[in-house]
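The chain below stands alone and is given as C-alpha coordinates, in the form predicted on its own.
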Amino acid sequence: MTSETPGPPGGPLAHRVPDLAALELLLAVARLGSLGRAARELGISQPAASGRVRSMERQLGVALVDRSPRGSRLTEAGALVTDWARRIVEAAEAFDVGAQALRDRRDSRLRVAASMTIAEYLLPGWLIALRARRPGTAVALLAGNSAQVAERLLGGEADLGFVEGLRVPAGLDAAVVGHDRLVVVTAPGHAWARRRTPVSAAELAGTPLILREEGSGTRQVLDAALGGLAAPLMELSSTTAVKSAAVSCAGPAVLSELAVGEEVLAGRLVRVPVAGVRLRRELRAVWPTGPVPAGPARELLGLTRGA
(Lines give C-alpha, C1' and ligand atoms only; values in the text may rest on other atoms or scores of the structure.)
Protein backbone atom coordinates (compact mmCIF):
# COMPACT_ATOMS: atom_id res chain seq x y z
CA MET A 1 0.00 0.00 0.00
CA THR A 2 1.41 3.45 -0.93
CA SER A 3 0.92 6.61 1.11
CA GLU A 4 -1.79 7.61 -1.37
CA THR A 5 -3.78 4.39 -1.01
CA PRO A 6 -6.43 4.35 1.70
CA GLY A 7 -6.62 1.48 4.13
CA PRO A 8 -9.49 -0.98 4.13
CA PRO A 9 -12.90 0.48 4.99
CA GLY A 10 -14.74 -0.53 8.12
CA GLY A 11 -13.12 -2.24 11.08
CA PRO A 12 -12.58 -0.73 14.51
CA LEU A 13 -12.38 3.06 14.60
CA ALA A 14 -9.06 2.86 16.44
CA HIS A 15 -7.54 1.21 13.35
CA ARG A 16 -8.77 3.98 11.05
CA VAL A 17 -8.08 7.12 13.10
CA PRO A 18 -4.54 8.19 14.11
CA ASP A 19 -3.78 8.12 17.81
CA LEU A 20 -3.41 11.27 19.92
CA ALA A 21 0.39 11.19 19.85
CA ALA A 22 0.37 11.34 16.04
CA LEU A 23 -2.22 14.12 15.96
CA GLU A 24 -0.29 16.18 18.52
CA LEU A 25 2.83 15.81 16.34
CA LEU A 26 0.92 17.00 13.26
CA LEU A 27 -0.32 20.07 15.14
CA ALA A 28 3.22 20.83 16.31
CA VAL A 29 4.55 20.59 12.73
CA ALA A 30 1.82 22.97 11.56
CA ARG A 31 2.66 25.46 14.33
CA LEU A 32 6.47 25.28 14.16
CA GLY A 33 7.00 24.64 10.42
CA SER A 34 9.65 22.04 11.17
CA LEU A 35 9.46 18.32 11.88
CA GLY A 36 12.70 18.53 13.89
CA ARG A 37 11.45 21.35 16.13
CA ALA A 38 8.14 19.53 16.59
CA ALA A 39 10.01 16.37 17.63
CA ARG A 40 12.10 18.30 20.18
CA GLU A 41 9.00 19.97 21.66
CA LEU A 42 7.33 16.58 22.15
CA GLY A 43 10.48 14.94 23.50
CA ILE A 44 11.00 12.38 20.73
CA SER A 45 13.76 11.86 18.18
CA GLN A 46 13.47 13.20 14.64
CA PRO A 47 13.57 9.68 13.12
CA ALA A 48 10.74 8.67 15.45
CA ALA A 49 8.74 11.75 14.40
CA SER A 50 9.32 10.99 10.72
CA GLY A 51 8.20 7.41 11.26
CA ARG A 52 5.09 8.60 13.07
CA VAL A 53 4.14 10.91 10.18
CA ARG A 54 4.72 8.17 7.59
CA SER A 55 2.60 5.74 9.60
CA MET A 56 -0.19 8.34 9.80
CA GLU A 57 -0.02 8.93 6.04
CA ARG A 58 -0.27 5.19 5.38
CA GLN A 59 -3.19 4.89 7.75
CA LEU A 60 -5.13 7.77 6.15
CA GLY A 61 -4.00 7.09 2.58
CA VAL A 62 -2.96 10.71 1.89
CA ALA A 63 0.29 12.69 2.07
CA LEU A 64 0.25 15.14 4.99
CA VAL A 65 3.69 16.79 5.10
CA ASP A 66 6.08 17.97 2.39
CA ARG A 67 9.64 17.78 3.71
CA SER A 68 12.48 19.89 2.28
CA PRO A 69 15.83 21.27 3.46
CA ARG A 70 13.99 24.50 4.30
CA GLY A 71 11.59 22.77 6.70
CA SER A 72 8.28 20.93 6.67
CA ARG A 73 5.10 22.23 5.11
CA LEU A 74 1.63 20.76 5.34
CA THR A 75 0.04 19.57 2.12
CA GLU A 76 -3.48 20.74 1.30
CA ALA A 77 -4.80 17.46 2.72
CA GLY A 78 -2.50 17.87 5.73
CA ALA A 79 -3.94 21.31 6.50
CA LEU A 80 -7.46 19.89 6.42
CA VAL A 81 -6.51 16.92 8.59
CA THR A 82 -4.82 19.34 11.03
CA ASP A 83 -8.10 21.24 11.48
CA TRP A 84 -9.84 17.96 12.35
CA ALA A 85 -6.95 16.91 14.55
CA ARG A 86 -7.20 20.14 16.55
CA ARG A 87 -10.83 19.38 17.43
CA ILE A 88 -9.94 15.84 18.50
CA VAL A 89 -7.04 17.00 20.68
CA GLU A 90 -9.21 19.71 22.27
CA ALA A 91 -11.86 17.07 23.03
CA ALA A 92 -9.16 14.85 24.55
CA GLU A 93 -8.00 17.75 26.73
CA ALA A 94 -11.57 18.26 27.92
CA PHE A 95 -11.80 14.52 28.61
CA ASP A 96 -8.57 14.70 30.66
CA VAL A 97 -9.86 17.65 32.70
CA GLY A 98 -13.07 15.75 33.44
CA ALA A 99 -11.18 12.60 34.43
CA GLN A 100 -8.98 14.66 36.75
CA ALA A 101 -12.08 16.12 38.37
CA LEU A 102 -13.35 12.59 38.99
CA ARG A 103 -9.99 11.61 40.51
CA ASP A 104 -10.03 14.68 42.72
CA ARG A 105 -13.53 13.86 43.91
CA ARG A 106 -12.54 10.26 44.59
CA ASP A 107 -9.40 11.33 46.40
CA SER A 108 -11.33 13.66 48.68
CA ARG A 109 -13.20 10.81 50.40
CA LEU A 110 -12.41 7.39 51.83
CA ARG A 111 -14.88 4.77 53.02
CA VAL A 112 -13.35 2.22 55.39
CA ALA A 113 -15.07 -0.90 56.72
CA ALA A 114 -13.34 -2.56 59.68
CA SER A 115 -14.03 -5.35 62.12
CA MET A 116 -14.51 -4.23 65.70
CA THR A 117 -11.08 -4.78 67.23
CA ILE A 118 -9.26 -3.01 64.39
CA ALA A 119 -11.87 -0.24 64.24
CA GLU A 120 -11.59 0.49 67.96
CA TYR A 121 -7.91 -0.03 68.71
CA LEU A 122 -5.82 0.37 65.52
CA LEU A 123 -7.69 2.45 62.95
CA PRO A 124 -7.78 5.69 64.96
CA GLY A 125 -3.98 5.94 64.90
CA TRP A 126 -3.80 5.04 61.20
CA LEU A 127 -6.43 7.63 60.33
CA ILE A 128 -4.63 10.35 62.31
CA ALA A 129 -1.48 9.60 60.28
CA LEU A 130 -3.50 9.67 57.05
CA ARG A 131 -5.02 13.03 57.98
CA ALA A 132 -1.52 14.49 58.41
CA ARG A 133 -0.74 13.48 54.82
CA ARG A 134 -4.15 14.18 53.28
CA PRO A 135 -5.89 16.81 55.43
CA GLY A 136 -8.66 17.31 52.88
CA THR A 137 -9.81 13.69 52.84
CA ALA A 138 -13.16 12.97 54.50
CA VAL A 139 -13.22 9.50 56.06
CA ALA A 140 -16.34 7.46 56.75
CA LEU A 141 -15.82 4.44 59.03
CA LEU A 142 -18.20 1.49 58.97
CA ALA A 143 -17.58 -0.91 61.87
CA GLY A 144 -18.93 -4.47 61.98
CA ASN A 145 -17.79 -8.05 62.06
CA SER A 146 -15.54 -9.58 59.39
CA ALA A 147 -18.47 -10.97 57.41
CA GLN A 148 -20.13 -7.56 57.32
CA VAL A 149 -16.88 -5.95 56.16
CA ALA A 150 -16.76 -8.36 53.20
CA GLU A 151 -20.41 -7.63 52.34
CA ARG A 152 -19.80 -3.88 52.31
CA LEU A 153 -16.74 -4.16 50.09
CA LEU A 154 -18.44 -6.48 47.62
CA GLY A 155 -21.52 -4.23 47.63
CA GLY A 156 -19.47 -1.14 46.72
CA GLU A 157 -20.16 0.53 50.08
CA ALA A 158 -16.48 0.71 51.12
CA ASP A 159 -13.14 1.34 49.40
CA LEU A 160 -10.93 -0.61 51.82
CA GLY A 161 -11.62 -3.04 54.64
CA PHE A 162 -9.86 -4.66 57.60
CA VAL A 163 -10.66 -8.11 59.00
CA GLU A 164 -9.34 -10.45 61.69
CA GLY A 165 -10.52 -13.91 60.62
CA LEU A 166 -8.59 -16.99 59.55
CA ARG A 167 -9.41 -16.77 55.86
CA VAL A 168 -9.70 -14.09 53.21
CA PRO A 169 -13.41 -13.76 52.39
CA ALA A 170 -14.40 -14.92 48.89
CA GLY A 171 -14.19 -12.24 46.22
CA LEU A 172 -11.54 -10.22 48.05
CA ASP A 173 -7.78 -9.79 47.83
CA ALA A 174 -5.79 -9.14 50.99
CA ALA A 175 -2.52 -8.04 52.55
CA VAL A 176 -1.42 -8.89 56.09
CA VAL A 177 -0.96 -5.66 58.08
CA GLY A 178 -0.31 -7.08 61.55
CA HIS A 179 -0.80 -9.86 64.07
CA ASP A 180 -2.92 -10.18 67.17
CA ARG A 181 -3.48 -12.68 69.97
CA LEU A 182 -6.73 -13.71 71.64
CA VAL A 183 -6.69 -14.02 75.42
CA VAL A 184 -9.07 -15.47 77.97
CA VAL A 185 -10.11 -12.96 80.63
CA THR A 186 -12.47 -12.95 83.55
CA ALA A 187 -13.36 -10.77 86.53
CA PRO A 188 -11.17 -11.06 89.65
CA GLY A 189 -14.05 -12.72 91.51
CA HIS A 190 -14.39 -15.61 89.04
CA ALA A 191 -12.94 -19.04 89.97
CA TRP A 192 -10.65 -19.06 86.94
CA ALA A 193 -8.93 -15.90 88.20
CA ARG A 194 -7.61 -17.84 91.24
CA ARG A 195 -6.65 -21.15 89.66
CA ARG A 196 -3.02 -22.27 89.75
CA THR A 197 -2.98 -24.33 86.55
CA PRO A 198 -3.74 -23.20 82.98
CA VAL A 199 -7.14 -23.89 81.48
CA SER A 200 -6.89 -26.77 78.98
CA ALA A 201 -8.18 -26.62 75.43
CA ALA A 202 -10.88 -29.18 76.21
CA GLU A 203 -12.02 -27.27 79.30
CA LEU A 204 -12.15 -23.99 77.36
CA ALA A 205 -14.11 -25.62 74.53
CA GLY A 206 -16.61 -27.13 76.94
CA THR A 207 -17.21 -23.98 79.01
CA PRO A 208 -20.00 -21.55 78.08
CA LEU A 209 -18.20 -18.29 77.30
CA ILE A 210 -19.14 -14.68 76.67
CA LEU A 211 -18.53 -14.45 72.92
CA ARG A 212 -18.81 -12.19 69.93
CA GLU A 213 -21.51 -13.10 67.42
CA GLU A 214 -21.02 -15.60 64.60
CA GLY A 215 -19.33 -13.93 61.64
CA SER A 216 -16.80 -12.13 63.82
CA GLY A 217 -13.10 -12.83 63.31
CA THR A 218 -12.66 -13.49 67.04
CA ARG A 219 -15.33 -16.17 67.06
CA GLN A 220 -13.98 -17.74 63.86
CA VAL A 221 -10.41 -18.01 65.19
CA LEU A 222 -11.49 -19.41 68.56
CA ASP A 223 -13.85 -21.98 67.04
CA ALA A 224 -11.14 -23.21 64.65
CA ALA A 225 -8.48 -23.38 67.39
CA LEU A 226 -10.68 -25.44 69.72
CA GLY A 227 -12.44 -27.55 67.10
CA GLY A 228 -15.84 -26.38 68.30
CA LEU A 229 -17.39 -24.42 71.14
CA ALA A 230 -20.02 -24.94 73.79
CA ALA A 231 -23.19 -22.92 73.48
CA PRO A 232 -22.31 -19.34 74.46
CA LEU A 233 -23.11 -18.02 77.89
CA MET A 234 -23.78 -14.71 76.12
CA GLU A 235 -23.45 -13.69 72.49
CA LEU A 236 -22.80 -9.98 72.02
CA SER A 237 -22.17 -7.85 68.93
CA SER A 238 -19.38 -5.58 70.14
CA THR A 239 -16.05 -5.87 71.91
CA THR A 240 -17.09 -3.27 74.46
CA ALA A 241 -20.23 -5.22 75.37
CA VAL A 242 -18.24 -8.45 75.82
CA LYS A 243 -15.75 -6.65 78.08
CA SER A 244 -18.51 -5.10 80.17
CA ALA A 245 -20.15 -8.49 80.70
CA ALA A 246 -16.84 -10.05 81.73
CA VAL A 247 -16.03 -7.19 84.15
CA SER A 248 -19.43 -7.69 85.79
CA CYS A 249 -18.41 -11.30 86.58
CA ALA A 250 -20.94 -12.82 84.20
CA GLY A 251 -18.31 -15.33 83.06
CA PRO A 252 -15.06 -15.77 81.13
CA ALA A 253 -14.61 -14.08 77.76
CA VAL A 254 -12.18 -14.37 74.85
CA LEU A 255 -11.02 -11.09 73.31
CA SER A 256 -8.06 -9.52 71.56
CA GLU A 257 -5.20 -8.59 73.87
CA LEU A 258 -5.41 -5.15 72.23
CA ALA A 259 -8.90 -4.74 73.66
CA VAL A 260 -8.28 -5.75 77.28
CA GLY A 261 -4.87 -4.23 78.07
CA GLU A 262 -6.30 -1.29 80.01
CA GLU A 263 -8.73 -3.44 82.04
CA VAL A 264 -6.03 -6.00 82.91
CA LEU A 265 -3.61 -3.25 83.96
CA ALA A 266 -6.30 -1.66 86.16
CA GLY A 267 -7.22 -5.00 87.73
CA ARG A 268 -10.80 -5.02 86.42
CA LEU A 269 -10.05 -8.16 84.43
CA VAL A 270 -7.62 -11.02 84.99
CA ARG A 271 -5.84 -12.77 82.14
CA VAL A 272 -6.31 -16.53 82.42
CA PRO A 273 -3.48 -18.77 81.12
CA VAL A 274 -4.51 -21.41 78.59
CA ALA A 275 -2.49 -24.51 77.63
CA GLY A 276 -2.34 -26.24 74.26
CA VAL A 277 -4.22 -23.65 72.20
CA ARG A 278 -2.77 -21.31 69.56
CA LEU A 279 -4.86 -18.14 69.51
CA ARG A 280 -2.61 -15.95 67.34
CA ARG A 281 -4.25 -14.45 64.24
CA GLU A 282 -3.40 -12.29 61.26
CA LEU A 283 -4.93 -8.86 60.71
CA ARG A 284 -5.60 -8.16 57.04
CA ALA A 285 -6.48 -5.27 54.80
CA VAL A 286 -8.97 -6.43 52.15
CA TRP A 287 -10.41 -5.05 48.92
CA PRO A 288 -12.41 -6.45 45.96
CA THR A 289 -10.36 -8.86 43.84
CA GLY A 290 -8.14 -6.89 41.46
CA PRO A 291 -5.66 -4.03 41.74
CA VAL A 292 -5.00 -2.37 45.09
CA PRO A 293 -7.36 0.61 45.44
CA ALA A 294 -5.91 3.97 44.41
CA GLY A 295 -5.91 7.36 46.14
CA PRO A 296 -6.28 7.64 49.91
CA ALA A 297 -7.15 3.92 50.24
CA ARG A 298 -3.73 2.99 48.84
CA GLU A 299 -2.05 5.54 51.12
CA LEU A 300 -3.86 4.18 54.19
CA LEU A 301 -2.78 0.68 53.23
CA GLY A 302 0.82 1.91 53.05
CA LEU A 303 0.52 3.43 56.53
CA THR A 304 -0.77 0.18 58.04
CA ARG A 305 2.13 -1.76 56.56
CA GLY A 306 4.55 0.70 58.07
CA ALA A 307 2.89 0.57 61.48
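Only a predicted model underlies this, so the values are computations on that prediction, with no experimental measurement involved. In this text, residue numbers run from 1 along the sequence as written.
Form predicted together with the DNA: not shown, discussed below.
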Requested in this report: Report whether the minimum heavy atom distance between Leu35 and the DNA in the model of the complex is within 4.5 Å.
Outcome: yes
**Report entry** Touches the DNA in the model of the complex: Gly71 (any heavy atom, 4.5 Å)
**Finding:** yes
Requested in this report: Look up in the model of the complex whether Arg271 has a non-hydrogen atom within 4.5 angstroms of the DNA, and give yes or no.
Outcome: no
Query - is_contact(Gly267, the DNA) in the model of the complex, heavy atom dist at most 4.5 Å - result: no
Report task. Name the single residue among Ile44, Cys249, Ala241, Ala275 that comes within 4.5 Å of the DNA in the model of the complex, judging by heavy atoms. Result -> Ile44
Report summary line: Note: the DNA not shown here; in the model of the complex, the stretch from 241-249, 278-286, 36-44, 257-265 having heavy atoms within 4.5 Å of it is 36-44
